[in-house]
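Two forms, one protein chain; C-alpha cells for each follow separately as structure 1 and structure 2.
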Structure 1
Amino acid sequence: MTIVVCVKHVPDPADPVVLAADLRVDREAGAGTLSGLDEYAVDQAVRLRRARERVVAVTMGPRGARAAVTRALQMGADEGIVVSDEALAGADVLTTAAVLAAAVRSVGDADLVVCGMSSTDGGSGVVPVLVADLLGWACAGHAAAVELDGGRVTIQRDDPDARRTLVAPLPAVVSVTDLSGEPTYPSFKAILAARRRPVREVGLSELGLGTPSTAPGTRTVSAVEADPRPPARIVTDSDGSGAAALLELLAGRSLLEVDR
C-alpha cells in the first residue's frame, strides 16, 4: 500500500505578493513555502503509514515547487514526484486535478490520497473532490481525525452542528483540516535524511497527458491594493469604564448585539 499526499508550493505569506504582467502571482519572485494547510496532510499521511508502506509526496508547479516536496520529505515522506511543465502555467483547478490524478495513477499501488482541505493561496478547496472524481474513488473531506482499518478509512468531521463519523472504502481521497493535530517539526537528522530520498521530476508526456487544450476557466482582469487596516484602538480600564467601552466598540463593528 502506498499513501500519496498532495502538496503545494505557495508564496510565503510573510512576503509581499508580486504580480506578473498578466496579473497572475509571480511564483518565482520569492522563495515560497509549503502551503500551511498541507503540513497537516503530510503529518497525517506519515502517521497513517505502517510497516512496508510508503508515503509519496506529489506536487505540480514551476521550478521552485520542488521545495514543497523537499519539506514533505523532511517531515517523513519517503519519495517525491514533481510535475513541472511550461504548458501548465496558469492552470486552473480542473487542470491541476487532472495532473494530480495522473500522478497518483503513475505511483501504481496507491490506495489512499491525503490532501489539505485547501491551499493557502488559491483557497478553492475543490481539488481533493475533483481528484477523487477523476480517479473514480471515494472521497471523505474536512477530516479532523483519520484512521485506517483494513480496507476502509474512517474520518471524524466537525460540522457546525455536530461531529460526524464518515467511513469510506479504499481506495479513497481524504482532505484534512488544521484540527487534525499539530504537525511535527522535522529534526536536524530528518532534514539530512531527506536529501537521500528520491524525487522524480516529470512532465505531461511522462504522465500520458497531452498539452491542455483549453485556456484556464478564470483570468484576472484587474488588481488593486487592499485598503490599509485602520489603526488599532486600545481600550483602557483605568476608571472602571473599560468593559462598557469594549462592548460599544464591538457593537459598533456589528460583532456584538447590545440589548439596551
Structure 2
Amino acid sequence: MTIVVCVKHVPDPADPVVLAADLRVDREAGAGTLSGLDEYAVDQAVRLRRARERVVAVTMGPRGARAAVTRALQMGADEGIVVSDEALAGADVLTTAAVLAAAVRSVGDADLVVCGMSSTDGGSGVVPVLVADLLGWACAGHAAAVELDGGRVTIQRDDPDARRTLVAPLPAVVSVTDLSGEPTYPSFKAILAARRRPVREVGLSELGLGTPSTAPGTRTVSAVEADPRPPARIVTDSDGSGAAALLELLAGRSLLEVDR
C-alpha cells in the first residue's frame, strides 16, 4: 500500500507577499517553500509508513512547485508527483482538490492521504475534505495525533470543549495540525539521498482530466495590503510606569469597571 502526502508550494512567510497585476500571487517573486503546515503532514506520513510501503508526495502548482516535493523527499518521502499545467493557473480549491484526487487515484494502491491542516497562504483548510469526498473516502480532519491499526485510522482532535478520539475506516484522508509533533529538519544525508528519488511530472491529460471548467465562480476584484498600525507609544517600565500606562489605557476604554 501507499501513503500519499499532499504538499503545497507557498510564498515564504518571511518574504513580503507580492501580488501580480491579475491579483494572483507573484510566485516568481520569492523562492517559495514547502508550506510550513505541510511539513507536519510529511513528517506524519513518513512516521506512519509501514513495512514495504512507500510515501508519495504530490503537489499541484507552477514549475517552481517542484521544490515542495523536493523538500518532502528530503524529509523522507520515497517518490514525488508534480502536477503542472498552464490551465491550472489560479485554480480554486475545488479544482485543486479534483486534481489531487486524480493524482491519488493515479497512484493506484493508496489507502491513506495525509494533508496539512491548511495552506499557510490561502488558508481555507478545506482541501482535505474535498479530496476525500471526490474519492468517496472518509475524512478525519485536524488531527493532533494519528495512528493506523489494521484497516482503521484513529485520530485525536482538540475541540474547544473536549479532546476527542475519532475512528474512520481506510481508505481515508487525514489532515494534521501543527500540534502533531515538531517536524525534523532534513539531514545532509537525506538531502543528498533525495536527489536520487523519482519525481514524475504530469499534466492534466495524463491524469485523465480535462481543462477545468470556467463556470462563473468567485472573482477577486481587489487586494490591498493591510495598513500597519501607527507607531506605538513606548513606555520603558520603571517604578510601576508600565503598569500605570496599561491601566490608564484600560480605564480610558472603561474596561476596568468589571468585577467591582
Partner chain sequence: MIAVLLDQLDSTAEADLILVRLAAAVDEVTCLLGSAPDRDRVAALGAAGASHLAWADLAPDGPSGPWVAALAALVGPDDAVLAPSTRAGNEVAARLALRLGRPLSVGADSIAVGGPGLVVTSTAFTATWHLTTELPKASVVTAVSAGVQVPPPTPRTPGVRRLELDLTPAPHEPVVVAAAPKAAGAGPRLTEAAVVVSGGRGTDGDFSLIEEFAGLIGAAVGSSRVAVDQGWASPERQVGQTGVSVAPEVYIAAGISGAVQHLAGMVAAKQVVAINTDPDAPIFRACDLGIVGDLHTVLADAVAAVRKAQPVHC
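Because the structure is predicted, anything quoted here is derived from the model rather than measured. Here, rigid core means the biggest group of C-alpha atoms that superpose within 1.5 Å across both forms. Here, a residue number simply tells you its place in the sequence of structure 1, counted from 1.
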item: Of the two forms shown alone, the one predicted together with the partner chain; value: 2
item: C-alpha of residue 196 moved at least 2 Å between structures 1 and 2 on rigid core; value: no
item: Residue 12 C-alpha moves between structures 1 and 2 by 2 Å or more, core aligned; value: no
